[in-house]
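Quick setup: one chain, the form predicted on its own, written in structure tokens, and binding and motion questions come after.
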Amino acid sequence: MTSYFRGFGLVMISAIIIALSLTSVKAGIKKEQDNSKEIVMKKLAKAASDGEFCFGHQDSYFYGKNWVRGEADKTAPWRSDIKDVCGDFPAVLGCDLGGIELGLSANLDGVQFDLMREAIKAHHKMGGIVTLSWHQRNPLTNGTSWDSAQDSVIRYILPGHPGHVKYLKWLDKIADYIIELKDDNGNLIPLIFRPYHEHTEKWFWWGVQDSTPDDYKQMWRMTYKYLISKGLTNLIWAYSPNLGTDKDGYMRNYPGDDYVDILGYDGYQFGEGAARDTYLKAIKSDMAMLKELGIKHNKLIAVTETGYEAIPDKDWWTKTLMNGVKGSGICYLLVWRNAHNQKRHYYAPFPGEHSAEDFLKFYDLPETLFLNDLK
């Protein structure tokens, strides 16, 4: 696997810029005919080298605070709470494939996979970047991703074990869906794929409680090789433990440089008051560590999930989030979804929300890239 990130030194950054032959991201990235994953990797590397990062939002096109895109909206312009606030879409659209392994028509959050397909194609056509997570069922119990009481679930799906064939059929469902995600020229759309995330905690069946680091590495490599064998060379693989993990913990389950393109972190702020300082301390410390690892392993780095549920702090965007990631060298950052059916489960502003004014300041910062910046 080719690496595109060669450190943060001025000489190396200059070499990247020359090699990529791209203009400034803020000035607009020249469209290229090649729609392979290398083009997206170059966009992300260029952003990081310029001290900028692409802003992302989970499920941004599918629903928001007090609205849902339905059948009647098929021909209507795309909508997003982000666009309603700042007039622009996020640069990165986050989607989740949870449920597709069972052949369901909608994912675990009720998003129809047909609608997701159309949104991914539209976002890519507009110059945006797409990332896919996968909150798949527990293959041993058929419970949710959060059904983590059992151990050795990972081993259950590895080659030579009872659940292996079943799990390969689940991966076939993933492959069948992704292979249909093509642009107008018939090229596969590049996608950041982020499986088995937050494994350094205990809430998912693939988490730290389940099995050995070697088992996790085998599962990741098995997934990688199988999807590659199905022709999915368009996937950009993101590895994302949870915030607050030290260097040894971060690398303990690392499947290897040949199987990863982006080193990421998932981490949220919980609570008010002193919780802000706790979050800031953690994200600054962990981003510094991630920057070091990115240089050592020649990988891009990212905040693959973050946010502050219901955003109690009206200045959170500029005073906390930006304070935490400024100068970190990340290439993208994604905040979680704005649930339409849960009063306080939202992570991005919407019209009238009390952090919207501060988000506009965040949007105007030279470091933040939205969809129009990538056209």
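Since the structure is predicted, the reported quantities are computational estimates derived from the model, not experimental observations. In this text, residue numbers run from 1 along the sequence as written.
Omitted here: the form predicted together with beta-D-mannopyranose (BMA). The next part is about that form.
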item	value
Residue among 66, 323, 342, 36 with a heavy atom within 4.5 Å of beta-D-mannopyranose (BMA) in the predicted complex	342
In the predicted complex, the one of 101, 109, 266, 215 near beta-D-mannopyranose (BMA) [non-hydrogen atom within 4.5 angstroms]	109
Contact of residue 337 with beta-D-mannopyranose (BMA) in the predicted complex (heavy atom, 4.5 Å)	yes
Partner contact for residue 79 in the predicted complex: beta-D-mannopyranose (BMA), 4.5 angstroms, heavy atom	no
Non-hydrogen atom contact residue 146 with beta-D-mannopyranose (BMA) in the predicted complex at 4.5 angstroms	yes
Contact label in the predicted complex: residue 155 to beta-D-mannopyranose (BMA), heavy atom within 4.5 Å	no
Segment assignment from 66 to 74, 329 to 337, 43 to 51, 315 to 323: heavy atom within 4.5 Å of beta-D-mannopyranose (BMA) in the predicted complex	329 to 337
